[in-house]
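One chain comes next, on its own, written as C-alpha coordinates: the form predicted alone.
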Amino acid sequence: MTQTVNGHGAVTTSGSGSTEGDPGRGAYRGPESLADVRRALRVALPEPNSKFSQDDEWCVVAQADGTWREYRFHDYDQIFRMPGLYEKIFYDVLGCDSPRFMAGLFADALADARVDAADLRALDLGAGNGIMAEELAAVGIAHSVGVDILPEAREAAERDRPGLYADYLVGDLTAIEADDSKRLAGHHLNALTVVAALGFGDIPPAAFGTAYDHIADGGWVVLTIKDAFLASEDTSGFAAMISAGMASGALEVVRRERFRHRLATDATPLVYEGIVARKRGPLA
(Lines give C-alpha, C1' and ligand atoms only; values in the text may rest on other atoms or scores of the structure.)
Protein backbone atom coordinates (compact mmCIF):
# COMPACT_ATOMS: atom_id res chain seq x y z
CA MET A 1 0.00 0.00 0.00
CA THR A 2 1.29 3.49 -0.85
CA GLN A 3 0.23 6.94 0.30
CA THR A 4 0.90 10.21 -1.53
CA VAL A 5 -0.40 13.77 -1.23
CA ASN A 6 -2.53 14.79 -4.19
CA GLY A 7 -3.67 18.14 -5.49
CA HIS A 8 -6.57 18.22 -3.06
CA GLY A 9 -4.14 18.46 -0.13
CA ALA A 10 -5.18 14.96 0.87
CA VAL A 11 -3.44 11.65 1.39
CA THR A 12 -4.12 9.24 -1.45
CA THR A 13 -4.16 5.55 -0.61
CA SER A 14 -3.85 2.82 -3.20
CA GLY A 15 -2.08 -0.46 -3.53
CA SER A 16 -2.19 -4.10 -4.51
CA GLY A 17 -1.88 -5.68 -1.10
CA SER A 18 -3.71 -8.94 -0.50
CA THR A 19 -7.30 -8.78 0.75
CA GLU A 20 -7.40 -12.45 1.69
CA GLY A 21 -9.45 -12.88 4.82
CA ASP A 22 -10.92 -9.38 4.51
CA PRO A 23 -14.59 -8.49 4.06
CA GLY A 24 -15.66 -8.75 0.45
CA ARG A 25 -13.02 -11.33 -0.37
CA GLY A 26 -14.51 -12.35 -3.70
CA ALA A 27 -18.27 -12.76 -3.42
CA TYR A 28 -18.91 -9.88 -5.83
CA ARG A 29 -20.07 -11.39 -9.11
CA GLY A 30 -19.20 -8.57 -11.50
CA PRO A 31 -16.63 -8.90 -14.28
CA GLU A 32 -13.90 -8.59 -11.64
CA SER A 33 -13.77 -9.98 -8.11
CA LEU A 34 -14.65 -7.58 -5.31
CA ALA A 35 -11.03 -7.80 -4.13
CA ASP A 36 -9.84 -6.66 -7.57
CA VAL A 37 -12.36 -3.81 -7.57
CA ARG A 38 -11.17 -2.68 -4.14
CA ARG A 39 -7.53 -2.69 -5.18
CA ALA A 40 -8.29 -0.50 -8.19
CA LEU A 41 -10.12 2.19 -6.18
CA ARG A 42 -8.22 5.37 -5.31
CA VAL A 43 -9.20 7.07 -2.06
CA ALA A 44 -7.76 10.32 -0.70
CA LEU A 45 -8.03 11.32 2.95
CA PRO A 46 -7.80 14.84 4.39
CA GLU A 47 -4.34 16.06 5.36
CA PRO A 48 -3.04 14.13 8.40
CA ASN A 49 -3.02 17.27 10.58
CA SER A 50 -6.73 17.88 9.88
CA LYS A 51 -9.03 16.63 12.61
CA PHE A 52 -12.76 16.04 12.23
CA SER A 53 -15.43 14.66 14.51
CA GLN A 54 -16.30 11.08 13.65
CA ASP A 55 -19.69 12.19 12.33
CA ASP A 56 -18.05 14.67 9.92
CA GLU A 57 -15.24 12.58 8.47
CA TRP A 58 -14.89 12.45 4.69
CA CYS A 59 -12.67 11.39 1.83
CA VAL A 60 -12.49 11.92 -1.91
CA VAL A 61 -12.66 9.06 -4.38
CA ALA A 62 -11.43 8.93 -7.97
CA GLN A 63 -14.30 8.45 -10.43
CA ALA A 64 -14.25 6.60 -13.74
CA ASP A 65 -14.10 9.88 -15.68
CA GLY A 66 -10.94 10.99 -13.84
CA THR A 67 -12.65 13.46 -11.50
CA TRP A 68 -12.66 13.22 -7.71
CA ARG A 69 -15.84 13.12 -5.65
CA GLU A 70 -16.24 13.80 -1.94
CA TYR A 71 -17.99 11.23 0.27
CA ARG A 72 -18.96 11.82 3.89
CA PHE A 73 -18.41 8.63 5.84
CA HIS A 74 -22.00 8.56 7.10
CA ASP A 75 -23.48 8.95 3.62
CA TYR A 76 -23.77 5.18 3.42
CA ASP A 77 -26.33 5.20 0.63
CA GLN A 78 -23.83 6.83 -1.71
CA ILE A 79 -20.92 4.67 -0.59
CA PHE A 80 -22.85 1.42 -1.03
CA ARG A 81 -23.65 2.27 -4.64
CA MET A 82 -19.98 1.84 -5.62
CA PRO A 83 -18.81 -1.82 -5.36
CA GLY A 84 -15.91 -2.19 -2.96
CA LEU A 85 -15.89 1.41 -1.74
CA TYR A 86 -17.17 0.67 1.78
CA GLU A 87 -14.49 -1.97 2.28
CA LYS A 88 -11.81 0.19 0.69
CA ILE A 89 -12.43 3.16 2.97
CA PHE A 90 -13.08 1.46 6.28
CA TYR A 91 -11.12 -1.78 6.05
CA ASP A 92 -8.24 -1.28 3.63
CA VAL A 93 -7.44 2.34 4.48
CA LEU A 94 -8.66 2.84 8.06
CA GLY A 95 -8.13 -0.68 9.39
CA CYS A 96 -11.60 -1.50 10.73
CA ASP A 97 -11.62 -4.92 12.40
CA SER A 98 -14.86 -4.80 14.41
CA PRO A 99 -16.85 -7.57 12.64
CA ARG A 100 -14.01 -10.10 12.84
CA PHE A 101 -13.17 -9.11 16.42
CA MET A 102 -16.77 -9.35 17.62
CA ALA A 103 -17.45 -12.63 15.80
CA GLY A 104 -14.42 -14.08 17.58
CA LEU A 105 -15.54 -12.72 20.96
CA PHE A 106 -19.00 -14.17 20.33
CA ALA A 107 -17.59 -17.54 19.31
CA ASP A 108 -15.55 -17.68 22.52
CA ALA A 109 -18.64 -16.92 24.61
CA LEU A 110 -20.63 -19.61 22.82
CA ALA A 111 -17.88 -22.15 23.40
CA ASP A 112 -17.79 -21.35 27.12
CA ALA A 113 -21.58 -21.73 27.29
CA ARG A 114 -21.42 -24.95 25.25
CA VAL A 115 -23.83 -23.52 22.70
CA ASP A 116 -23.59 -24.72 19.10
CA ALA A 117 -23.32 -21.75 16.74
CA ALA A 118 -25.33 -23.71 14.16
CA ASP A 119 -28.37 -23.45 16.44
CA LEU A 120 -28.40 -19.65 16.32
CA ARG A 121 -30.61 -17.52 14.11
CA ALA A 122 -29.23 -14.00 14.07
CA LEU A 123 -30.81 -10.63 13.43
CA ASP A 124 -28.09 -8.41 11.96
CA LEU A 125 -29.20 -4.83 12.65
CA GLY A 126 -27.60 -2.14 10.50
CA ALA A 127 -26.60 -4.97 8.19
CA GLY A 128 -25.18 -2.85 5.40
CA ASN A 129 -23.63 -4.96 2.67
CA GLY A 130 -23.28 -8.07 4.80
CA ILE A 131 -19.82 -7.91 6.36
CA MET A 132 -20.96 -8.98 9.84
CA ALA A 133 -23.12 -11.80 8.52
CA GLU A 134 -20.11 -13.06 6.59
CA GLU A 135 -18.11 -13.20 9.82
CA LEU A 136 -21.00 -14.94 11.61
CA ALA A 137 -21.10 -17.57 8.86
CA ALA A 138 -17.37 -18.09 9.31
CA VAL A 139 -17.93 -19.09 12.96
CA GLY A 140 -20.82 -21.40 12.13
CA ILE A 141 -23.96 -19.23 12.26
CA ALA A 142 -25.70 -20.08 9.02
CA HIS A 143 -29.05 -18.29 9.44
CA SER A 144 -28.85 -14.50 9.44
CA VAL A 145 -31.56 -11.94 8.77
CA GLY A 146 -30.45 -8.47 7.75
CA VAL A 147 -32.21 -5.24 8.68
CA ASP A 148 -31.24 -1.82 7.40
CA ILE A 149 -33.11 1.40 6.75
CA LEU A 150 -31.38 1.88 3.39
CA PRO A 151 -32.50 0.05 0.24
CA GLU A 152 -28.98 0.67 -1.09
CA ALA A 153 -27.64 -1.50 1.73
CA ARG A 154 -29.77 -4.48 0.71
CA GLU A 155 -28.87 -3.96 -2.94
CA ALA A 156 -25.17 -3.93 -2.02
CA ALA A 157 -25.52 -7.11 0.07
CA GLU A 158 -27.26 -8.90 -2.79
CA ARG A 159 -24.61 -7.66 -5.21
CA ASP A 160 -21.51 -8.32 -3.08
CA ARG A 161 -22.54 -11.31 -0.95
CA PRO A 162 -25.45 -13.03 -2.69
CA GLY A 163 -27.27 -15.72 -0.73
CA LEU A 164 -25.68 -14.77 2.59
CA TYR A 165 -28.92 -13.65 4.25
CA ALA A 166 -31.98 -15.84 4.68
CA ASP A 167 -33.99 -12.60 4.55
CA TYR A 168 -33.23 -8.89 4.41
CA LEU A 169 -35.72 -6.32 5.64
CA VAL A 170 -35.49 -2.68 4.61
CA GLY A 171 -37.43 -0.60 7.10
CA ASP A 172 -37.45 1.82 10.01
CA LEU A 173 -37.58 -0.10 13.28
CA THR A 174 -38.67 3.00 15.17
CA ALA A 175 -42.02 2.66 13.36
CA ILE A 176 -42.08 -1.00 12.33
CA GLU A 177 -44.99 -2.20 10.23
CA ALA A 178 -47.06 -5.10 11.60
CA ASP A 179 -46.22 -7.24 8.55
CA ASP A 180 -42.50 -6.63 9.03
CA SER A 181 -42.72 -7.51 12.72
CA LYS A 182 -44.49 -10.74 11.81
CA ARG A 183 -41.88 -11.43 9.15
CA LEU A 184 -39.08 -11.12 11.71
CA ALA A 185 -40.96 -13.26 14.25
CA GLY A 186 -41.22 -16.01 11.65
CA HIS A 187 -37.45 -16.46 11.74
CA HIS A 188 -37.48 -17.41 15.45
CA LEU A 189 -34.48 -15.21 16.15
CA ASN A 190 -32.26 -15.95 19.13
CA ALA A 191 -29.30 -13.62 18.53
CA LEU A 192 -28.91 -9.93 17.77
CA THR A 193 -25.78 -8.38 16.29
CA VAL A 194 -25.28 -4.62 15.98
CA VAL A 195 -21.69 -3.93 14.98
CA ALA A 196 -20.29 -0.52 13.99
CA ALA A 197 -23.83 0.82 13.66
CA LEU A 198 -25.01 2.38 16.94
CA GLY A 199 -24.89 6.07 17.69
CA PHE A 200 -24.50 9.15 15.49
CA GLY A 201 -28.21 9.00 14.65
CA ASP A 202 -27.80 5.97 12.37
CA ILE A 203 -29.62 3.58 14.71
CA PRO A 204 -31.42 5.31 17.61
CA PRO A 205 -32.18 3.54 20.91
CA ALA A 206 -35.81 2.97 19.88
CA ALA A 207 -34.73 0.96 16.81
CA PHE A 208 -32.29 -1.07 18.91
CA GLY A 209 -35.08 -1.72 21.42
CA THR A 210 -37.41 -3.01 18.70
CA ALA A 211 -34.75 -5.38 17.40
CA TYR A 212 -34.01 -6.54 20.94
CA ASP A 213 -37.70 -7.30 21.50
CA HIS A 214 -37.65 -9.70 18.53
CA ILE A 215 -34.97 -11.87 20.16
CA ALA A 216 -36.04 -14.86 22.24
CA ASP A 217 -35.48 -14.76 25.99
CA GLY A 218 -32.14 -16.35 26.76
CA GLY A 219 -30.86 -15.30 23.34
CA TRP A 220 -27.64 -13.46 22.63
CA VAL A 221 -26.89 -9.77 22.11
CA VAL A 222 -23.64 -8.74 20.41
CA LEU A 223 -22.95 -5.05 20.02
CA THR A 224 -20.25 -2.47 19.62
CA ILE A 225 -20.58 1.16 20.58
CA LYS A 226 -18.19 4.07 20.90
CA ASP A 227 -17.14 4.55 24.52
CA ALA A 228 -18.52 8.10 24.53
CA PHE A 229 -22.07 6.76 24.09
CA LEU A 230 -21.72 4.81 27.35
CA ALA A 231 -20.36 7.72 29.38
CA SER A 232 -22.40 9.44 32.10
CA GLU A 233 -22.67 12.62 30.03
CA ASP A 234 -24.12 10.80 27.00
CA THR A 235 -27.29 12.35 25.59
CA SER A 236 -28.07 9.77 22.88
CA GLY A 237 -30.02 7.52 25.25
CA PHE A 238 -27.74 4.51 24.84
CA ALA A 239 -25.86 4.93 28.11
CA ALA A 240 -29.11 5.01 30.06
CA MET A 241 -30.65 2.09 28.15
CA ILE A 242 -27.65 -0.22 28.34
CA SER A 243 -26.69 0.71 31.91
CA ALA A 244 -30.26 0.14 33.10
CA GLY A 245 -30.40 -3.18 31.27
CA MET A 246 -27.24 -4.34 32.99
CA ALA A 247 -28.36 -3.10 36.40
CA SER A 248 -31.74 -4.81 36.13
CA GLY A 249 -30.27 -8.07 34.90
CA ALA A 250 -32.10 -7.83 31.56
CA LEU A 251 -28.67 -7.80 29.90
CA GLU A 252 -26.38 -10.41 31.40
CA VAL A 253 -22.94 -9.43 30.15
CA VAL A 254 -20.61 -12.37 29.50
CA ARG A 255 -17.90 -10.55 27.53
CA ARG A 256 -16.96 -6.87 27.51
CA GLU A 257 -13.79 -5.47 25.98
CA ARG A 258 -12.51 -2.13 24.78
CA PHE A 259 -10.83 -2.33 21.39
CA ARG A 260 -9.73 -0.23 18.45
CA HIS A 261 -12.67 -0.03 16.07
CA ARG A 262 -10.64 1.69 13.35
CA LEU A 263 -8.44 4.72 12.75
CA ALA A 264 -9.78 8.22 12.33
CA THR A 265 -8.71 10.10 9.22
CA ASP A 266 -5.89 11.70 11.26
CA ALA A 267 -4.68 8.18 12.20
CA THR A 268 -5.76 8.38 15.85
CA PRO A 269 -7.53 5.25 17.16
CA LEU A 270 -11.30 5.23 17.64
CA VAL A 271 -12.01 3.19 20.77
CA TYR A 272 -15.23 1.21 21.08
CA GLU A 273 -16.73 -1.17 23.62
CA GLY A 274 -17.53 -4.69 22.50
CA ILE A 275 -20.27 -6.41 24.50
CA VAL A 276 -21.61 -9.96 24.33
CA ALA A 277 -24.61 -10.55 26.58
CA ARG A 278 -27.59 -12.80 27.17
CA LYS A 279 -31.12 -11.44 27.00
CA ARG A 280 -32.74 -12.13 30.35
CA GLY A 281 -35.63 -9.69 30.18
CA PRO A 282 -37.03 -6.57 28.49
CA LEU A 283 -35.12 -3.32 28.30
CA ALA A 284 -36.67 -0.27 29.91
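Throughout, we count residues from 1 along the sequence that is shown. What you see is a predicted model, and the numbers here were worked out from it, not measured in a lab.
The discussion below concerns the form predicted in complex with a small molecule, not included here.
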### Task
Establish, in the predicted complex, whether 99, 153 and 195 all lie within 4.5 Å of the small molecule, using non-hydrogen atoms for the distance.
yes
### Task
Could you tell me which one of 120, 203, 85, 109 places a heavy atom within 4.5 Å of the small molecule in the predicted complex?
203
#### Entry: Option touching the small molecule, based on a heavy atom within 4.5 Å in the predicted complex, out of 79, 191, 127, 93
127
### Query
Hey, in the predicted complex, is residue 136 touching the small molecule, heavy atoms inside 4.5 Å?
no
### Query
If you check in the predicted complex, is residue 148 within 4.5 Å of the small molecule, heavy atoms only?
yes
### Query
Using 4.5 Å between non-hydrogen atoms, is residue 131 touching the small molecule in the predicted complex?
yes
### Query
Any idea which of 178-186, 112-120, 137-145, 203-211 reaches within 4.5 Å of the small molecule in the predicted complex, heavy atoms considered?
203-211
